[in-house]
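In structure tokens, the next block holds one chain alone, the form predicted alone.
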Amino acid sequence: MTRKRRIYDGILNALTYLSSGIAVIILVMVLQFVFVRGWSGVNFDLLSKPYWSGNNTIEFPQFKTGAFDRPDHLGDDIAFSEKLGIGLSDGLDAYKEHQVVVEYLDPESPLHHGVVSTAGVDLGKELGLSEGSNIVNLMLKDTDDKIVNVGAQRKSTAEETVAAMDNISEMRKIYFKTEGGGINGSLKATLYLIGLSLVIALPIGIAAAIYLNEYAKANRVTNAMRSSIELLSGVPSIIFGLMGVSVLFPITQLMGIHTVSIILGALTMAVVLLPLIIRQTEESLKVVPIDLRYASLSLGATQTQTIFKVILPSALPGILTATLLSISRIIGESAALIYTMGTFIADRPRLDQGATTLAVQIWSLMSGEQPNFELSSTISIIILLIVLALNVSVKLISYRINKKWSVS
């Protein structure tokens, strides 16, 4: 009997180790794919740049060439025009399209002094070429009085573009795009969503946990409430998205918001987070020693005073954990937000308008005909780094709180 039991336990242990090993291998493969594809794109510029490129066409009413010396810091891969004082390189955009990128522009370059020629509110305003821009099309007249067009649109290399610049006699116009492909707008929208969702969900969730643990009696009604909370935590997030559109959207309409918005997304996420916050907070309240309650009450404190001055401070590490899990859920959520916040990537998000979070931007980048694995992987790395930083911060805060309470 003992031998059979050992064999049986050995089989179960082997299955456990096998399952754990498979899970670890899959996790390592996913992380390897993400970091290999996206690590090269992780930089501060990505966080500060807008996603959409600006399209500009400028002309030069007063154009004069100059004589510029090549800076020593420019690499050999950068072509430099001595007449215009500009350094260009060949590059690829987020969709693997060829670019002629402005790497350097001399402070005295005539390309700083252009005028917008595109019809619109900016027509006639001064605008110059800037570093990081992509020269899509450059129209000029060469020394033989021939019209020449070069740039990314013409599949010209940086060397070919510079060669045309050094043979220029008259500048006609430049069509260029400012640098894009960033996540600044989605990052801001994510922060707005986190802040607004927590402001709504935390007070309600903590209050509900206090009621269930400190005031509610053990009866059918209380059991039904707990069962409902458990059931709510198992509902697919896409159902919450439909709920937000059908139930919460009329509420935002009363605020004068008649489209998807960050506010609608925050209301929806608050409902999604309530089960998590209630359960986690209630568990942290349960582990507070009963002696602390009796000691507070024996000193003449009311139950309300005991809850807010003794129990809640002792349960603060658990509440911080609930907050951390809530933030992680918000950052990683996409299905519910597609319906309530939309899928358009906004560079200047507003609370009363639609926008995308980092996770929804990944979905947007991967749902097109040409999935952008590189930028999606880079955003995934940034999300992982944010979650890691939050985990470390909460652990440190909880450690300090526990240490303070243990000393006191």
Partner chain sequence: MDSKHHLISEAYQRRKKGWDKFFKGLFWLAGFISAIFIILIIVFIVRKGIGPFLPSYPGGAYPIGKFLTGFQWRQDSAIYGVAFIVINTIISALGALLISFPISVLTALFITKIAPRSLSRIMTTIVELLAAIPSVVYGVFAAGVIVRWVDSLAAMAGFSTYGGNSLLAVSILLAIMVFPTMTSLAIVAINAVPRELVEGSLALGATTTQTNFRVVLTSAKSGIFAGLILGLGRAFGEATAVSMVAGNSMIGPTFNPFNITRTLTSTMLAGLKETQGLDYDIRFSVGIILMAVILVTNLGIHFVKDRIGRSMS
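Residue numbers count along the first chain shown, from 1. The term rigid core refers to the maximal set of C-alpha atoms that superpose within 1.5 Å between the two forms. In this text the structure is predicted, and so the values were computed from the model without any measurement.
What follows is about the form predicted together with the partner chain, which we do not show.
Novice: Looking at L74, V235, L316, V199 here, can you tell me which has any non-hydrogen atom within 4.5 angstroms of the partner chain in the predicted complex?
Specialist: By the 4.5 Å heavy-atom cutoff, the listed residue in contact is V235.
Novice: Of A163, L191, M255, V245, which residue is found within 4.5 angstroms of the partner chain in the predicted complex when only non-hydrogen atoms are counted?
Specialist: So the residue touching the partner chain in the predicted complex, by this definition, is V245.
Novice: Can you tell me which of 170-178, 98-106, 78-86, 301-309 lies within 4.5 Å of the partner chain in the predicted complex, counting heavy atoms only?
Specialist: Comparing against the partner chain in the predicted complex, the contact stretch is 301-309.
Novice: Is Y339 part of the interface with the partner chain in the predicted complex - any heavy atom within 4.5 Å?
Specialist: Output for Y339 is yes: heavy atoms within 4.5 Å of the partner chain.
Novice: Would I362 count as a contact of the partner chain in the predicted complex, using a 4.5 angstroms cut-off between non-hydrogen atoms?
Specialist: Although the partner chain is absent here, I362 would touch it in the predicted complex, with heavy atoms inside 4.5 Å.
Novice: Is V42 part of the interface with the partner chain in the predicted complex - any heavy atom within 4.5 Å?
Specialist: Result no; V42 lies far from the partner chain in the predicted complex.
Novice: Residue-level question: is L127 within 4.5 Å of the partner chain in the predicted complex, judged on heavy atoms?
Specialist: Heavy-atom contact with the partner chain at 4.5 Å: absent for L127.
Novice: Is the partner chain in the predicted complex near all of L47, N149 and Q370, within 4.5 Å of a heavy atom of each?
Specialist: No.
Novice: For a quick check, can you give me the residues of 13-35 that have a heavy atom within 4.5 Å of the partner chain in the predicted complex?
Specialist: Going through 13-35 in order - heavy atoms within 4.5 Å of the partner chain in the predicted complex - the hits are N13, L15, T16, Y17, S19, S20, I22, A23, V24, I26, L27, M29, V30, F33, V34.
Novice: Would the C-alpha of L297 be classed as shifted by 2 Å or more between this form and the one not shown after rigid-core alignment?
Specialist: For L297, whose C-alpha is compared between this form and the one not shown after core superposition, the shift is 2 Å or more.
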